[in-house]
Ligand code: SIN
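Take a look at this single chain in structure tokens; it is the form predicted alone.
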């Protein structure tokens, strides 16, 4: 039987120490050894890019299952009919109604940090993209940890962050049902996370909107520390900027990255993207 080692993927780096583009692989035709090599490349590099793909929602869900169980979306009004795992990020209007969320992800965050089991990976498949803007920025949190002064490492390693999905939605003016509140209780996660694949560390518990506090610190002092660390981790030295093309599939590892989208001219251009998440584990 073929093994991962038997398949040599052609790749090129996104950054010197982070992420790779995988060349010459069609995800709808990949055999089992090739798909195993794709997954192995993902776990070792923090992000993978495959251009020129054409995935139906069913095919995207099937690809997502290669990484693990697809994560559900708490609110399903912007998901693909019959495929609740597929969230639509779009400013398209169809029959007078928006078919997606046009502003998803326009701030620094890690997906599903407010869940008890956070998202392992995020998979975006671009169907339509504007000519300018709507880039995705990925920050390499392992390199950021490695370059952090030792004194700062000692200060933050072991700190715990209080995340609140309900507070996050309250800030956006969204009123949750009791069932949604019960589904997403407040959680405590580590500020510095250990990657289960190989033990590398990342400055991980970084966000502003869903964070209530750093446990044991005055609220504003804790939020100031998080803002300081976000500014540090999103320096150009740790940053990959992805400029989208139709057909791009970008997969990043939420255990070691921070990301944001950038604005674009929504009045004159369309961004239409399908997003899936993969269920992860409890950070440690």
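Positions refer to the first chain, counted from 1. A quick note: this is a predicted structure, and the numbers were derived from the prediction, not measured.
Here the subject shifts to the form predicted in complex with the named molecule, a form of this protein not shown in this document.
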Practice problem: Name the residue from 113, 136, 79, 143 that puts a heavy atom within 4.5 Å of the named molecule in the model of the complex. | Solution: 136
Practice problem: Quick one: from 189, 201, 109, 212, grab the residue that has a heavy atom within 4.5 Å of the named molecule in the model of the complex. | Solution: 109
Self-check item: Residue stretch of 25-33, 65-73, 254-262, 229-237 approaching the named molecule in the model of the complex, non-hydrogen atom distance within 4.5 Å
Solution: 254-262
Practice problem: Give a yes or no on whether every one of 86, 247 and 272 sits within 4.5 angstroms of the named molecule in the model of the complex by heavy atom. | Solution: no
Quiz item: Taking 4.5 angstroms as the cut-off for heavy atoms, does residue 105 touch the named molecule in the model of the complex?
Solution: yes
Quiz item: Any of the heavy atoms of residue 124 lying within 4.5 Å of the named molecule in the model of the complex?
Solution: yes
